[in-house]
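Take a look at this single chain, the form predicted alone, given in structure tokens.
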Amino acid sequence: MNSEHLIVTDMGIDTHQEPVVYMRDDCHVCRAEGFDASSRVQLKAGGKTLIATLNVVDKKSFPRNHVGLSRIALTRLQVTSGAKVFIGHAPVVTSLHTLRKKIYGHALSDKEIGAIISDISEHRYSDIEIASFLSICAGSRLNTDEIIGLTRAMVEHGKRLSWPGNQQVFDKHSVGGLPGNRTSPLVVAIVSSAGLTIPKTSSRAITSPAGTADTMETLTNVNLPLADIQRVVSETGGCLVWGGGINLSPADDVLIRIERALNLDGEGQLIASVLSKKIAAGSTHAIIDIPVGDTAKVRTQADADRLAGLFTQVGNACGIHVRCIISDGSRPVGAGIGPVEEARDMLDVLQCFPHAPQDLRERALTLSAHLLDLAQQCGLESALQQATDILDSGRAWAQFQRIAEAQGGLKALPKARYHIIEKAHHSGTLQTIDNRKLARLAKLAGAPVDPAAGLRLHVNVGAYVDAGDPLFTLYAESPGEREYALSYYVENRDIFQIGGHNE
């Protein structure tokens, strides 16, 4: 580490979660250490240490003997402009050699996987190196032992929730790929009303227009510390919070950020991500919803069976009982796509409004029945009746409000600033909706970054429409995003197939 200090300059640049440091091309430290652009460097200040990626700038950028830091670099190093920092070469990250071993097709041991996850958790990997790890693990390139090792390592390098006694703790997850499938808040409200403990920690969207955490954040506070999560669950039996804020599986949160940028969600990483969060949350039992359809994330029954088998096998090895439910993924669920619009559907179901989407209601009841059966061994028919009674009686709605109040109160949903209604060009039966392209359309409109962005379907598969009938309403927060999404729709009218015609 160079013994001479440099003075910090706040560059005011958002580099998301990857720390970046900026040094002048004539900086004496830069020259003495042999740094060049993209070098990995280590910064020290006030007992804090940070590894960052170097960008080289010209001498006009800031005064001599200064060094620029991006916003995340300032935050992690806990410094402000004017502070003194010392800069040197980053230490050698030995697990990168293991990463190269996997690139050449060799299996990794538990120890090797643990070293990689440890370094990722401690922010020793650059985004490019993390992307390499995710890419070589995608496409069924992890064997079962590696997935088990990855799951255990992700649990080990994070905090864990614990619950009093030896009580059973339940959870639920959908593997995704189905727009509008926002069943988790409904399931939590129903089964916690029945006395089950279900601390639901959710991720934000990876490849979809909304995750459960994104949707719930439009209604209440989801960024709770561990102590508050335990308080909420103690008071209500359940919670609906963002898992990324409580360090349950910090490596997973880093990996999800890069997966989102790559639009990648590999099989082994998916299983390890889901189960590590469940185990870290103290869950003893979990159900996994696997929607199957031509344009869903899982496209064939064979793929679903394989994924279900892996979930069960990895769960058993890691001490959590897993039940997989393979469901219909041939069409979107509900009418809303995007955080706010999905929240509207969810609230309609909870309040048993006549216009509430029945497909969302039935999915939530079925999944709730599986959890109740796991807990009570009462059989699915009896469990389904119990879940239905809880929802129809208003108990689930009252319970949802209790949970939201315990988390900070129920908020009013915002409205998008811009919207446009797209209409059918042909008469006929709506035969298919492309789930992937529909999700893409909602994301281009701004979801989930803009919570109110997305779309609302006016019809779903199987409905008859006349030419001129509304197909969907598109919501956006800016004219640019609205037009950007519409241009995509014009080029991809095969999202909707009506009577053999592309819309």
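Keep in mind the model is a prediction, meaning the values are calculated, not measured. The first residue of the sequence shown is number 1, and the count goes up from there.
A second form of this protein, the form predicted together with a further copy of the same chain, is not displayed here; the remarks below concern that form.
The three marked residues, R76, E122 and Y475, fail to reach a further copy of the same chain in the model of the complex, with no heavy atom of any inside 4.5 Å. Within this chain, T312 is remote from the site of a further copy of the same chain in the model of the complex, having no heavy atom within 4.5 Å. G195 falls outside the set of residues with a heavy atom inside 4.5 Å of a further copy of the same chain in the model of the complex. Heavy atoms of P225 never reach within 4.5 Å of a further copy of the same chain in the model of the complex, leaving it off the interface. In the model of the complex, E33 approaches a further copy of the same chain with a heavy atom inside 4.5 Å. Partner contact region in the model of the complex: 98-106, out of 98-106, 369-377, 388-396, 340-348, criterion any non-hydrogen atom within 4.5 Å of a further copy of the same chain. The single contact residue among L161, C352, A138, I326, judged by any heavy atom lying within 4.5 Å of a further copy of the same chain in the model of the complex, is A138. With the partner removed from view, the residue among H89, H419, K423, R402 that has a non-hydrogen atom within 4.5 Å of a further copy of the same chain in the model of the complex turns out to be H89. If you take 181-217 and check each residue for a heavy atom within 4.5 Å of a further copy of the same chain in the model of the complex, you get nothing at all.
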